[in-house]
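Before any questions on binding or motion, here is one chain by itself as structure tokens, the form predicted alone.
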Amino acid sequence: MSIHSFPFPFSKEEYAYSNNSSLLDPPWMITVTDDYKKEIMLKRKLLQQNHDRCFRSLPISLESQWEVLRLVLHQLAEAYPSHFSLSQNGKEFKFQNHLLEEEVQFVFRDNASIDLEPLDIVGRHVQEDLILMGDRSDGLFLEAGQLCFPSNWSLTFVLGMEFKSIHYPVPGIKDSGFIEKVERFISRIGPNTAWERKNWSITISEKLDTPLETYADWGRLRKEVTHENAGEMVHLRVEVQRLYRLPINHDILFSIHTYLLSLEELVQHEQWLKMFYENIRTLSSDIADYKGISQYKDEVIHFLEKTMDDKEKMIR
């Protein structure tokens, strides 16, 4: 993808954990980029090879899954009318994906009319991972998800868990009450309303799928980073995360669109280089551990400082 369309996540020259959400207008949960076909093919390959890892659901989620299916197909057709179309005749729907030359037909809320669960169907037409959180009287619970591109977490492990418990491993947020504030924020999101935030981490290589279950395959690459190869190996990983309140069942749809940018590309942007460097430099050790950066943080800083020195010498 072009560096100009990359969702650079930093606005300050110092790391600070924050909610940083903004209201979306229109409240669309999906974005189609130039990488659409490539990423959809990768998602489908992962789903075919590892379906139990990439899709999980609880029976209680089925009604909301139907709502998500209709919502996302409507949004695709409305936002990208040259790529997608959706027609309706009573409860019968016909969705056409012109980019893939595919057609999907179903009868709304008729499970016999589909071969896969509704969330599993619609997730195969969007680049985003889709998570469904049930809003119950005692909190938010992860009740279904199609997750192909996780950053070191497991859908199987968190299925059925409470929102707060999922996030307690993040350093500092349990004792500060921060996660309770975030949950209250989500619980107040109104129907048909969407909010967006950017979350970031660093990853090695251009690999989008880094689930906890395959850590042995991709985690070992962290040991291979040097200041000489950091520009090529290390990538800034940004997740554009969106939250949407379903108007009928009042559950929450959580979409995650993942973007990668190599440090070689990032340093071409003067302001991004300086801001990224300051955020990495001021990262506390516990957050660096949590984000998996500790093993090669010094190598990345060395690379960034040398790049900035070289640029200054060119100016003189």
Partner chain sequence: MGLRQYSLINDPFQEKSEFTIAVKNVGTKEGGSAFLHHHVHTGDVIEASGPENFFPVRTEARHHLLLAAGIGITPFLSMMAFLKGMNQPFELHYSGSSEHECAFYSTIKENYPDESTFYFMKREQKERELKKVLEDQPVGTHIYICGPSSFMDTYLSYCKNLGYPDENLHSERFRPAKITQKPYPFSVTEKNTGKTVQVQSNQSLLEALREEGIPVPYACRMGVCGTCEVNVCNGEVIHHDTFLTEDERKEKMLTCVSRGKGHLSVRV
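This one's a predicted model, so the numbers in the text were calculated from it and none came from an experiment. Residue numbers count along the first chain shown, from 1.
A second form of this protein, the form predicted together with the partner chain, is not displayed here; the remarks below concern that form.
Would you check, heavy atoms only and a 4.5 Å threshold, whether residue 156 touches the partner chain in the predicted bound form? It does not: once the partner chain is placed as it appears in the predicted bound form, residue 156 has no heavy atom within 4.5 Å of it.
4.5 angstroms heavy atom contact with the partner chain in the predicted bound form for residue 196: Close contact is absent here: in the predicted bound form, residue 196 is far from the partner chain, nothing within 4.5 Å, heavy atoms only.
Going by a heavy atom distance of 4.5 Å, is residue 273 a contact of the partner chain in the predicted bound form? Flag for residue 273 set to no.
Looking in the predicted bound form, any heavy atom of residue 249 within 4.5 Å of the partner chain? The answer is yes: residue 249 has a heavy atom within 4.5 Å of the partner chain.
Report the residue, out of 287, 280, 42, 60, that has at least one non-hydrogen atom within 4.5 angstroms of the partner chain in the predicted bound form. Only one option qualifies, and that one is 60.
Find the only residue in 175, 138, 115, 206 having a heavy atom within 4.5 Å of the partner chain in the predicted bound form. For this set of options, the contacting one is 138.
Would you mind picking out the stretch of 85-93, 206-214, 233-241, 156-164 that comes within 4.5 angstroms of the partner chain in the predicted bound form, counting non-hydrogen atoms? Of the options given, it is 85-93.
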